[in-house]
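One chain follows as structure tokens, the form predicted alone.
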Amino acid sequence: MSETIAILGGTGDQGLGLALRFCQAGRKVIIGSRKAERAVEAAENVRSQVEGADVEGYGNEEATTKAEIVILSVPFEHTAGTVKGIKDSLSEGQIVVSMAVPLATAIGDGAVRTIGIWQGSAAEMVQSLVPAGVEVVSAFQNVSAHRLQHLGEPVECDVVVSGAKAARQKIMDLCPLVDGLRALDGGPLSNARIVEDITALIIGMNIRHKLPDGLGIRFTGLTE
């Protein structure tokens, strides 16, 4: 049986885009938000765009209890607070996916730079906050929110997935559900430090090349 996917921050552009794509692929999705009514509205939005979508909206804590995979799609400055808020709702065996990037916007600077954090990456910070037995995986940072929401078009982007082997394989298996996404094995969670920095580079390139829909990245030379 396919795992239920909770997307906390599914009311934002990137989280909503993932919710749309996973529902389009026939997966059950739970949208979470700090305000349950916003999550309910987002779920209604998904149903209006994807016929037969199996989607519900709840507050973050309740959403967390209803899914095997919990995706954090919140800005970096809200990531620690969100994890602390759901900590008691997490249980052993769940996988938490960190999409956060420590962009300098968190300290009032520009989105084309990142800030250093003690743990090394946002994903490693999340790992330090979750209960024992909960695995953290880094993924989806570099996927364009706008392209995710263009349901009739492929997204065309590689997703570098990092974390413990069994958990990262489960998240890699989600990527082909989105037309155009390809999962790449990114190894241990510490490699999230590199992947997160790429996001700031992409944002800068989007600005310089005037690409409001956003770039995607591809790694060449792979045989599969």
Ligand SMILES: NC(=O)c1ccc[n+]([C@@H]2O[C@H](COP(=O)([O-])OP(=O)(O)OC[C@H]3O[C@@H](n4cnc5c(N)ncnc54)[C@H](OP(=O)(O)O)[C@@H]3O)[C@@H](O)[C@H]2O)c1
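For clarity, every value in this text was computed on a predicted model and none was experimentally measured. All residue numbers are counted from 1 along the displayed sequence.
The protein also exists as the form predicted in complex with this ligand; that form is not presented, and the subsequent description refers to it.
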Heavy atom within 4.5 Å of this ligand in the model of the complex: which of 86, 95, 101, 126? 101
Indicate whether residue 138 is a 4.5 Å heavy atom neighbour of this ligand in the model of the complex. no
Does residue 64 reach this ligand in the model of the complex if we count a contact as any heavy atom within 4.5 Å? no
Applying a 4.5 Å heavy atom distance criterion, does residue 216 contact this ligand in the model of the complex? no
Even though the partner isn't displayed, in the model of the complex is residue 145 close enough to this ligand, meaning a heavy atom within 4.5 Å? yes
Candidate stretches 151 to 159, 44 to 52, 26 to 34, 176 to 184, one within 4.5 Å of this ligand in the model of the complex by heavy atom: 26 to 34
All three of 163, 190 and 192 touching this ligand in the model of the complex at 4.5 Å, heavy atom to heavy atom? no
Partner contacts in the model of the complex for 75 to 100 (non-hydrogen atom within 4.5 angstroms of this ligand): 75, 76, 78, 82, 99, 100
